[in-house]
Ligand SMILES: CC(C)(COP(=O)(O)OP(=O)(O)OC[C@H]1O[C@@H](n2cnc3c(N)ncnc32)[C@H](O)[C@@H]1OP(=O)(O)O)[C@@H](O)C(=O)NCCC(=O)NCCS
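Before any questions on binding or motion, here is one chain by itself as structure tokens, the form predicted on its own.
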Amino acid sequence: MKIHKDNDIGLDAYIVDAVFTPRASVKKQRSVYSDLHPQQLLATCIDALIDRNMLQNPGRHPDYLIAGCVSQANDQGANIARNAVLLSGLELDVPAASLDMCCGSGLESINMAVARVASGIDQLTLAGGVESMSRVKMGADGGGMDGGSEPLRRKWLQMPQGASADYLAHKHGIKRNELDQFGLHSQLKAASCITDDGDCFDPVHALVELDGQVLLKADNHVRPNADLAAMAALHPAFQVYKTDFFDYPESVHTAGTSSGIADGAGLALVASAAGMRRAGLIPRARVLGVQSLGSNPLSMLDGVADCCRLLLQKLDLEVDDIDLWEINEAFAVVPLIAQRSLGIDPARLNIAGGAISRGHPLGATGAILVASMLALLEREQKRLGCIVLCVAGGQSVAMILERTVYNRREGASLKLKGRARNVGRKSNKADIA
């Protein structure tokens, strides 16, 4: 492992802070956030980062905002990122853009912010995503899988993602019981993080209020009483599709092994070293590298391992160098295939559950996983974390973070390869050694 050897590894890009709204489960097209415009969910995250990092002060104004959103129609149309800026406490001169990379939108937005600050275009950038799946239904933009393009269908017939998940389970020999076990473990791990005293993600929550009342204090899709018998009794969730190139015997994924429909938003404050010096900010993590990769659109969900492998190679890292992995649980088969292919220790994978147990607000999830990774690296006092999501159309997007600050309130030092980074509440200058 060559992290920081001769300062040749890692980007001039840091995650100063990140937050997300607790994910609100959508049942019968309603959630606890349904009475709020989705712009308000994103604005809640903006205002939380303003308050936590005093971004209203001179010299701390963000230079740009990028927000992922998948169904950019109706309430989520009209450049939701810019309208959230106008609704929030940000200055009017902060420009904003909305981005759609399907399920990877939230992370790709942050990766683009990383590129902007690392290149010197910006110094401080807000990036993340939002999705109100109760107010704007999945597929509301009318594009389907391929925009209704007959020429494209003659070249690539893209199947629904659920069908792709079932096909991949058959292709890789993953049985229904193994998927059910994974779904159950996601629920149990998530439930273990939520206690009467709070949630493991409390440090990165941006609580949503309506009429002065907090609507949700923790993800409410979690099922703490889940058991294997109940999982096994669930009916298959998807129709079996058979084509000349796409054949499998049965549907094996259920509601218990597929990501939950949810509302939510997440946002990160990304900065360069110069931006942190300018604003007197302290980073929680350094971005070592980011990666996006295309793969076969027929088996669209199995490119995650290759995306991670490419990023690890670029950074001269091994799989075992990564302390914590967040592989988005779009379907149980996705992290299972990646875990097998890469040889990931299960004890390092999705240690607080994932989208199966916590919900998957499409455009927000990537940003939520960045904030979650910060909280988990700090709680576990670990060093390196990898976040990766599969993306419709045959794509994947990933990021590797290195923790730099693990106690923002009291101050501490983290030794890295013989170096120490000292931080404390009185520090007004980022330590970027």
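The shown structure was predicted, so the numbers you read here are calculated from the model rather than taken from an experiment. Note that residue numbering begins at 1 and tracks the sequence as displayed.
A second form of this protein, the form predicted together with the ligand, is not displayed here; the remarks below concern that form.
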As a check of understanding, the residue in P283, P297, G256, G303 with any heavy atom within 4.5 Å of the ligand in the predicted complex should be identified as G256
Residue among A237, L310, L188, L152 with a heavy atom within 4.5 Å of the ligand in the predicted complex
A237
Contact check in the predicted complex: V287, W325 and V388 versus the ligand, with a cutoff of 4.5 Å between any heavy atoms. Do all three pass?
no
Which of these stretches, 273-281, 201-209, 120-128, 325-333, has heavy atoms within 4.5 Å of the ligand in the predicted complex?
325-333
Since only the chain is shown here, I'm wondering whether L362 would be in contact with the ligand in the predicted complex (any heavy atom pair within 4.5 Å).
yes
Would M138 sit within 4.5 Å of the ligand in the predicted complex, counting heavy atoms only?
yes
Residue contact check: M101 to the ligand in the predicted complex, 4.5 Å heavy atom:
no
Flag Q161 as yes or no: does it have a non-hydrogen atom within 4.5 angstroms of any non-hydrogen atom of the ligand in the predicted complex?
yes
At a 4.5 angstroms cut-off on non-hydrogen atoms, which residues of 216-239 are near the ligand in the predicted complex? List them in order.
R223, A226, A230, M231, L234, A237, F238
Where do Q29 and P361 end up in the predicted complex, Cα atoms closer or farther than shown, with a change of 3 Å or more?
farther
Say whether the C-alpha atoms of A127 and Q29 sit closer together or farther apart in the predicted complex than in the form shown here, given that their separation changes by 3 Å or more.
farther
